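In the block that follows, a single chain appears as structure tokens, in the form predicted alone.
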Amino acid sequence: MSKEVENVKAGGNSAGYDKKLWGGRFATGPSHDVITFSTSIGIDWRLWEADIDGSIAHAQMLAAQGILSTVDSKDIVSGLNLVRQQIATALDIGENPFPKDVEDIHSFIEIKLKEVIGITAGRLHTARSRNDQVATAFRLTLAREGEGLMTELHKLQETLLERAKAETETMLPGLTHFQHAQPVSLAHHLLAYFWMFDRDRERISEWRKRCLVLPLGSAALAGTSFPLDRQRVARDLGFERPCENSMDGVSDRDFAFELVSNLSLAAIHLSRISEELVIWSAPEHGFVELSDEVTTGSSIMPQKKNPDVAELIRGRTGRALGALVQLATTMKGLPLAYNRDLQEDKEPVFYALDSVRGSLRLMKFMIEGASFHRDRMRAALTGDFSNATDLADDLARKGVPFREGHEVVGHVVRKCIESKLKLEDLSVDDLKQIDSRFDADSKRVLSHRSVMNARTSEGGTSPAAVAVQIAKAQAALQLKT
């Protein structure tokens, strides 16, 4: 969570901003309980800068189209920039400029604009509704947050890649079903997560293009009779294009749903690597020691060093997954077009976004400071039979059908277990007693180092294959910056 977010969560003071932008129709206003229940500025304040940017682009377009005078447009733009400066200054010094009793951030900015430039502020809302205004600010805010998210993913990938470069010769058990399967290099293992996060970064990049579809100009739901230039506004704000349908423009939240879905996948990837760090740091494994900066002790057991950050990252996966369910539940039954239910779209998205971004930063920090114990990893391979497949492959190279070779090696493994022998300790004679087709080459393939080095296929775990993979990883980081 950013310092700015923390400051605002402390809550702002009431400043009398209780006049509604829609009050003319009503003899009385909502009750205090209704106002408290329905006010959204505690969440949507985060749209403030995008809302100002959208309003500036809208005002400039209105002037270019002859809908507003040039003087009015300049006054509005100047006033909005002054409001921007006031808000930014307050946030920079740790103050919360957003009062509790204002309906939402969009109302607040319009009221502040009126304080600065007077009644001319009321002309800004020509040819727009809060429906398209909110959707525009939300999309623009999330697209900008997406840039930061891709940066965090990129930094974590860089860290994983740098750690992998030093571990191409480091062996540890590769697991399936959480049982020893075949030896792999630690570099190969770390790079598996590199590619997970690369897909996450790629998804965010692709999502941003779909997010940057401009709703502004849709008005409440049916468009407007004013001659707008929506293409200009889209260009000015950095959107890909205006939305094609005004009803869809104000009611679509696919962009929010897709982002939370992408965040959920990233959170799951973070959870998986966290789980492994927790397991690897246990004394039974001793594969890694996490730095003191990301661990804590016990209030009663002085010897403990608990992997708290890894556990918290793993636990916070539920935030992103919960946000996904919450947003889906909000959206699933909404008829066209805008419904007030859509006010509930922002909290789960920002909740998931803050959680995942914080987790990415701490995972990078945790990986940077981790000490890998190569000797413990190598020792864990001793006598684990993860070299058995290569013995079957040796028979296959001699013309034995693999299924037959598989069965033969199964007998070898069983004999070792019964005799309390390690597979790699068997002599050529020992092997020949079980099957005469074994020879000196069969003995040579049993070294765990040989097993790992033999996996030279593209994407494999041998140092040679991993070197190629590292080059591809470096290229991927340069390609998607």
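When you see a residue number, it is the position in the sequence shown, counting from 1. On a predicted model such as this, the values are computed, not experimentally measured, just so you know.
What comes next is about the form predicted in complex with arginine (ARG), which does not appear here.
Out of the listed residues 60, 453, 40, 442, 40 is the one that sits within 4.5 Å of arginine (ARG) in the predicted bound form by at least one heavy atom.
Between the options 128, 346, 364, 189, the residue in contact with arginine (ARG) in the predicted bound form by a heavy atom within 4.5 angstroms is 346. By the criterion of a heavy atom within 4.5 Å, residue 104 is counted among the residues contacting arginine (ARG) in the predicted bound form. The closest non-hydrogen atom of residue 255 lies beyond 4.5 Å of arginine (ARG) in the predicted bound form. Taking the partner from elsewhere, residue 149 is found to have every heavy atom lying beyond 4.5 Å of arginine (ARG) in the predicted bound form. Taking the partner from elsewhere, residue 338 is found to have a heavy atom lying within 4.5 Å of arginine (ARG) in the predicted bound form.
With the partner omitted here, the stretch from 409-417, 443-451, 40-48, 424-432 that lies within 4.5 Å of arginine (ARG) by heavy atoms in the predicted bound form is 40-48.
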